[in-house]
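The chain that follows stands alone, in the form predicted on its own, written as structure tokens.
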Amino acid sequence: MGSVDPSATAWLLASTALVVAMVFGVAFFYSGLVRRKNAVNMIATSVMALSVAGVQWVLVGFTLAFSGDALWGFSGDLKALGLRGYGLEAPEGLSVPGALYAAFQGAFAAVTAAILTSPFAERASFLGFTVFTLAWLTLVYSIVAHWVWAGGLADKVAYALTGEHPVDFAGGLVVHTASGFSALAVALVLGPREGYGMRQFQPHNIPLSALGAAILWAGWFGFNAGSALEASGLAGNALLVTHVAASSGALAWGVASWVFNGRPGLLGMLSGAIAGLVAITPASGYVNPLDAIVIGALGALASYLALSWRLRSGVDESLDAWAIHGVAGLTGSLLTGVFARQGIGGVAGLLEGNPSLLAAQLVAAVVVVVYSLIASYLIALAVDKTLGLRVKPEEEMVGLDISQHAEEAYGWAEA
């Protein structure tokens, strides 16, 4: 056991609280994007995701992700079931209490599950969603976290093929790429909403989405800077590049919208900021502020193009977790292999003469994308064939607030 550092502990306490708050940022952001008859449901799904993740992480999620290595790197072992061994003392290699480290990682699991509420919007059974979330956290998130962060399968495959270990400072692959591509798989199982393609489904409350984006922007400082696990220069740099990339992403999306649509929309700028935040997440412990400007802008532009394609394709991944989280997370993970600085995070990328890191990032990304797509599709299909993943057409028509919760967000009927 290591010794507990009070300053590092205080920093991680604050960071964990910020990451948990991000779940409600997702809830408000998504709630504003749906029609008013589904506003309560979108917040409820995020609250359920947080609740399921809190219990699942203690029981089995943490040990699958971070305890030892089992099945040739497929998952962690079961020695930390119920967080056994993670209490008041600092585990070997850490300077914070084991319980706090587990809580911090559990908050990441909760945010990831909340992001994945996107494809369920306006048409999913709350029971089916809940069961899917429990299975997904166990069979996808915990497994991918082990593969990338604990020397598991993705790390082993990438190192065997490239001679370099992939890096993911705060979850570009584990959180965003996995949840985004999983969202695409779920959307394919659920099918489009009733009337999709025949009429537009306009956001009912953009200011509510702006509030959610504001909580996400601030919470992301705990997400990325907290991943330094101590109050240090690395944490300070991670916080700075996080803010810069969000700003760059908002500008890039706003300008793209201005050029192609004739005017910059608030929702577009907010989406660009989130895409920039996503893109910088894997790189935040390895790059400088100038790099962050490029990464944030490219992440936002990649998401803008992905969203444009998604709208033309007819795929109803309702709130664009795939375009904004999946595509920007993938973009940022690859750009980490380009911009990583030896003097910041101890890892050199392509610009510093090490193309092997970019190759390792690509291999790990392919592994995560393929597994997330296939596993999530199969889980969604299994839930759909047993419990049913979608509500009846008449329940969808009246709205999920009434049909699933017997509650209304507002005191007047939808026009």
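These numbers were taken from a predicted model, which means no experiment stands behind them. Residue numbers run from 1 along the displayed sequence.
This next part talks about the form predicted together with another copy of the chain, which is not shown.
Undergrad: The chain here is shown without another copy of the chain. Which stretch in 112 to 120, 261 to 269, 307 to 315, 157 to 165 comes within 4.5 angstroms of it in the predicted bound form, by heavy atom distance?
TA: The contacting stretch is 261 to 269.
Undergrad: Taking the shortest heavy atom distance, is Ser247 within 4.5 Å of another copy of the chain in the predicted bound form?
TA: So Ser247 counts as contacting another copy of the chain.
Undergrad: Gly236 near another copy of the chain in the predicted bound form, any heavy atom under 4.5 Å?
TA: Answer yes; at least one heavy atom of Gly236 falls within 4.5 Å of another copy of the chain in the predicted bound form.
Undergrad: I'd like to know whether Arg193 contacts another copy of the chain in the predicted bound form, with contact meaning heavy atoms within 4.5 angstroms.
TA: Arg193: no contact with another copy of the chain in the predicted bound form.
Undergrad: Taking the shortest heavy atom distance, is Val55 within 4.5 Å of another copy of the chain in the predicted bound form?
TA: Yes, contact at 4.5 Å.
Undergrad: Tell me, out of Ile344, Leu94, Val338, Ala150, which residue has a non-hydrogen atom within 4.5 angstroms of another copy of the chain in the predicted bound form.
TA: The option sitting close enough to the partner is Ile344.
Undergrad: Looking at Leu298, Leu100, Leu184, Leu137 here, can you tell me which has any non-hydrogen atom within 4.5 angstroms of another copy of the chain in the predicted bound form?
TA: The residue from Leu298, Leu100, Leu184, Leu137 that makes the contact is Leu100.
Undergrad: Mind checking whether each of Lys37, Gln202 and Leu251 has a heavy atom within 4.5 Å of another copy of the chain in the predicted bound form?
TA: Every residue of the spot touches another copy of the chain in the predicted bound form.
Undergrad: Since the partner is left out here, which residues of 346 to 370 would have a heavy atom within 4.5 Å of another copy of the chain in the predicted bound form?
TA: Residues within 4.5 Å: none in this stretch.
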